[in-house]
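What follows is one chain in structure tokens, specifically the form predicted alone.
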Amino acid sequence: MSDSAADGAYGTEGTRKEPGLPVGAGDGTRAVRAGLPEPVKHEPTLPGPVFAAHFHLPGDPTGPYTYGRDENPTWTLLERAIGELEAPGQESVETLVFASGMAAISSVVFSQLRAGDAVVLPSDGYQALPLVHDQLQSYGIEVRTAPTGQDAQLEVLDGARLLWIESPSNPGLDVCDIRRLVEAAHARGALVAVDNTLATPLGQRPLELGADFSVASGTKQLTGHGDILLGYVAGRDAEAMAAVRRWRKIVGAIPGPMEAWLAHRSIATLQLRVDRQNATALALAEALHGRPEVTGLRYPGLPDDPSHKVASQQMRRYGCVVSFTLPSRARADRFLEALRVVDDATSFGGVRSTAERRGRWGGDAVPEGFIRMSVGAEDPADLVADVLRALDETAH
């Protein structure tokens, strides 16, 4: 590739080139065009993955690409794409991609906290957070926890250095008032990170709600095919993001160029997938609403869901996950086995619907019959019929 082609394709480190979208471009247009380089004659629309451990580097080590652990042209385009979705039009926002969602989470937590600091975590968040909890305590960091619902984290916020929010929570789907918590945290001098995995940037933009970091697992709905591991951190504070970047360099938690390229390719269909999956999730939740064996039904898009009022104020889409509880572990297991177009698998956000009895992992405070179902891109009528049939067949 010529120098001019390379410049057009990748730009320079720390910059976000505007994609030339019309003012007020819709989510679909933005997703399809996000992060694409300026057109170069005879070059592909999205350049292929760059496989390189090192780059030609005569003289002083200046320029964006020096060594493969620090930067890669394929990451640059993906980071630009995610940044354009998380914070449209905000060129001051920086995005960094990681090898997994947990790598992204760890980079924020461990780069911002020191011995003697205090951090507030959700007590009902992602099941790997207890591992983070224990590791932080071993480093002399005070860890406080509170549930996501009812903005309960406010009660333990005084003196904290970092507030970690997960909204909607996984797997319980509780929602907190992000803007309210952010304002309270900032008034106390605390940074705020929001796990935006379940919502995706098309469902919720934490940075617009005032958060310092938006963090997510790109493994889930962002990429949507269940075939790559990826994570990212987007943030507006240059000093804080420099610490996150330094942590990535220290631990080497970097994505492979092929994974980064596949992720960028997949983002083009994000709006199509999200809208289909959200609409079907609502249809499924409505179908489950009157079932006598179903208790604890949660979906923020349901008008009578405990989280609906707050969710409707800060979310543009409600997600693809529906949770509910069946009467027993045995009934839940029979139900999962009876499903035909739903895979019994963990994770969520993929184009193929999945469901699992979440208690089998032992890390979530949920009933034995608790089901987390991730709605895919199947025909809505087929999916709803399959779920209702499986419930009927396992009634006895």
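Sequential numbering from 1, following the sequence displayed. Note that the structure is a prediction, hence the values are computed from the model and not measured.
In what follows, reference is made to the form predicted in complex with a small molecule, a form of this protein that is not presented.
Peer 1: With the partner left out here, if you bring back the small molecule in the model of the complex, are Arg80, Glu84 and Thr200 all within 4.5 Å of it by some heavy atom?
Peer 2: No.
Peer 1: Work out which of Leu173, Leu230, Leu181, Ala211 lies within 4.5 Å of the small molecule in the model of the complex, going by heavy atoms.
Peer 2: Selected option: Leu230.
Peer 1: Which pick from Ser312, Gln112, Ser100, Thr269 sits with a heavy atom within 4.5 Å of the small molecule in the model of the complex?
Peer 2: Of the listed residues, the single hit is Ser100.
Peer 1: Just one stretch in 234 to 242, 190 to 198, 249 to 257, 143 to 151 has heavy atoms within 4.5 Å of the small molecule in the model of the complex, so which one is it?
Peer 2: Of the options given, it is 190 to 198.
Peer 1: With the partner left out of view, is His264 within 4.5 angstroms of the small molecule in the model of the complex by any non-hydrogen atom?
Peer 2: Result no; His264 lies far from the small molecule in the model of the complex.
Peer 1: Report whether the minimum heavy atom distance between Thr280 and the small molecule in the model of the complex is within 4.5 Å.
Peer 2: No.
Peer 1: So in the model of the complex, is the small molecule close enough to Gln204 to count as touching (4.5 Å, heavy atoms)?
Peer 2: No, Gln204 sits far enough from the small molecule in the model of the complex that none of its heavy atoms falls within 4.5 Å.
Peer 1: How about Leu222 - does it come within 4.5 Å of the small molecule in the model of the complex, if we only consider non-hydrogen atoms?
Peer 2: Contact with the small molecule, no.
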